[in-house]
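One chain follows as structure tokens, the form predicted on its own.
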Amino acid sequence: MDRDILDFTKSISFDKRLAPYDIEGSIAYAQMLGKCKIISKKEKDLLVKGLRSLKERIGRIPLENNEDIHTAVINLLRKEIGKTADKLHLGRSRNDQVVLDLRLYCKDEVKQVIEKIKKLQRSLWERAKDWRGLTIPFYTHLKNAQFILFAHQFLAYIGMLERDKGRLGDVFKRMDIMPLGSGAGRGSGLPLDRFYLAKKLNFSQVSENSLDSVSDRDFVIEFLSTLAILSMHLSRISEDFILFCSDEFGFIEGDDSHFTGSSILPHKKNPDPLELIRGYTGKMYGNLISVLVMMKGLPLSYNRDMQLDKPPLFDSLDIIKDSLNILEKIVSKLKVNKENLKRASSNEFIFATDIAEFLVTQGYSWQEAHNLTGKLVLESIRKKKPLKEMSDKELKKIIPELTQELILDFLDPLKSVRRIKTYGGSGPESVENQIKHWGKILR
């Protein structure tokens, strides 16, 4: 083969990652060939012994001279046991072999990602537990909205990640389908026992259509999509922490060992790892789009384009596992600045909704309560006078039910959150229930 063409079509540089799975699938296939009496027991035993020996050493063997991982394994096996190695390919094609390897690999990776999500959730839960008595403004349009318990924000992150775990569980179901025995796309004339293979390789289902089996990469696309959503969540969490660590907010501080300095500014402590998690999200989206675009025009069944599904998949998994590790480290050592949280409560207008809700309890409609509270805010701005300094007379001129004593009561963040009654809200009882709920799940 022309050397340039061979180099152009080779996939060993990236699919060598599938070596353990290719050998695992080959061991099961050899055992099945022996069971079905397609090869002799002696040949089966020799194949299995050679493959197991190879599996122990494969990580230390240079593979780059081979076209792909499947060829590499057969070539190495031939050196190990001789011509009997050629019996391994009876009834099998690289078309069904590669999708088997990929499904085995993806199943393992789903479990690893889920475990890393759980570890991050546990760190977030610890912060929620530690900071349950602290209040913080939450934001809409990045403007002060109302006060919540700081724990409530960390519990929100846990909920986002729980949905990611659920999606990964759903993806796993559609990965857990055994394709081997589909051959190049039509099956085999040999009496292959595909259900035996599924049992040996721990698959819950066997693929129903051989043509679909070798051409299906939906599970890769769905996996990439799920990882892209997970990455988006990690990016949003990172963005919150970047803002909260900024000098303007100053609510939290990262550990010195996790943040970086500046080459010119001696005082800087930059949240670079968080910014990179945010930045890598764009690459995660690009990896998903690249596989979607690759697949959109392919006729059935297998086409060589499909080998290009692996670099984006491997890249996305490397990025997401690193991002989860890094974010968990940062969260585990976050410190809170209580003084700055206290300073954040100096904006009296955050309590405007509390006043409006009080007026509703006094018989006003919501529109009336909203308008009257808005007039009170405007009066404070016009007079450049804080609400807590307005006299009873000034208050009653706009809202007859208000007194300075009531206003001072409204301007307390902890009292504000204690007024929250709704299930799932940021009231102390609700937050405590959420902490207990997640504590049970994460244990």
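Since the structure is predicted, the reported quantities are computational estimates derived from the model, not experimental observations. Note that residue numbering follows the sequence shown and begins at 1.
In what follows, reference is made to the form predicted together with a further copy of the same chain, a form of this protein that is not presented.
Determine whether any heavy atom of residue 245 comes within 4.5 Å of a heavy atom of a further copy of the same chain in the model of the complex, and answer yes or no. Answer yes; at least one heavy atom of residue 245 falls within 4.5 Å of a further copy of the same chain in the model of the complex.
4.5 Å heavy atom contact, residue 303 to a further copy of the same chain in the model of the complex: Close contact exists here: in the model of the complex, residue 303 approaches a further copy of the same chain to within 4.5 Å, heavy atoms only.
Could you confirm whether residue 374 comes within 4.5 Å of a further copy of the same chain in the model of the complex, counting heavy atoms only? Yes, residue 374 is a contact residue.
Against a further copy of the same chain in the model of the complex, would residue 270 count as a contact residue? Criterion: heavy atoms within 4.5 Å. Contact check for residue 270: yes, within 4.5 Å of a further copy of the same chain in the model of the complex.
Has each of 36, 49 and 116 got a heavy atom lying within 4.5 angstroms of a further copy of the same chain in the model of the complex? No residue of the spot touches a further copy of the same chain in the model of the complex.
Heavy atom contacts to a further copy of the same chain in the model of the complex at 4.5 Å, residues of 203 to 218 in sequence order: Sequence-ordered list: 206, 207, 208, 209, 210, 211, 212, 215, 216, 218.
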